[in-house]
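First comes one chain, alone, set out as structure tokens in the form predicted alone.
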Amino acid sequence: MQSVAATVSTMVLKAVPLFSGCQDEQLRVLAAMVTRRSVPRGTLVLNAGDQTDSLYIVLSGRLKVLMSDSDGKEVILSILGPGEFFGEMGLIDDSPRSASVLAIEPCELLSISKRDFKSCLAQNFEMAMAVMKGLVRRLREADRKIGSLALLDVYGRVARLLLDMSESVDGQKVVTKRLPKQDIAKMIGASREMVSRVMKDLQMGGYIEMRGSNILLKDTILLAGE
């Protein structure tokens, strides 16, 4: 990974949800273990099948978690943003990386080695609980995605994804981050052409409104996502 390493302050660590339960002394110890890296857009941070060596935490930017088959067909499992972490599963069960992680924007990341990560978990109950909650959240998300693929049509899957990716802006649900139709297709198991058709129908039906690069979600989209 092409990156520039830098030292990390305790103030930076305190703002990271994974470390928010740590005491000041624990943060000072962590600051000596953690490395900060600047990662250019398009960098493959993790590659599926590689041996697991570090945990990564996102300070800024976005990355996509993906899997590919032997023909190069790609499935996007999730989009990660600031405050989220990845690479922890292999550190816990000592298995190779199960998926690849690609930076889709310039990113600032923190990394902590496998040895230091396990040491932190053994000494810090709050951090161990935060990692466990993260794993449980991802398991629940995986269950919901499996259910969506089995029970919802493409309209419902697109609507559900838009709701999941939205954030509250002035009391309205808005997708503010760029979400290419090709990526939507790879996340819900459909073709790009089908996603384009569904997005057009949702717009024509008053479920969504395009505002520049943002997507405003109307209350009625809840019906489409059921």
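Everything numeric in this text was worked out from a predicted model, so none of it was measured. Residue positions are given as counts along the sequence shown, with the first one as 1.
Heads up, the form predicted in complex with a small molecule isn't pictured, but that's what we're talking about next.
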| query | finding |
| --- | --- |
| All of 60, 81 and 112 within 4.5 Å of the small molecule in the predicted complex, heavy atom check | no |
| Proximity of residue 52 to the small molecule in the predicted complex, heavy atoms at 4.5 Å | yes |
| Residue contact check: residue 99 to the small molecule in the predicted complex, 4.5 Å heavy atom | yes |
| In the predicted complex, residue 154 touching the small molecule (heavy atom, 4.5 Å) | no |
| Residue contact check: residue 138 to the small molecule in the predicted complex, 4.5 Å heavy atom | yes |
| The unique member of 195, 46, 162, 34 whose heavy atoms fall within 4.5 Å of the small molecule in the predicted complex | 46 |
| Proximity to the small molecule in the predicted complex, single hit among 103, 130, 120, 77 (heavy atom within 4.5 Å) | 77 |
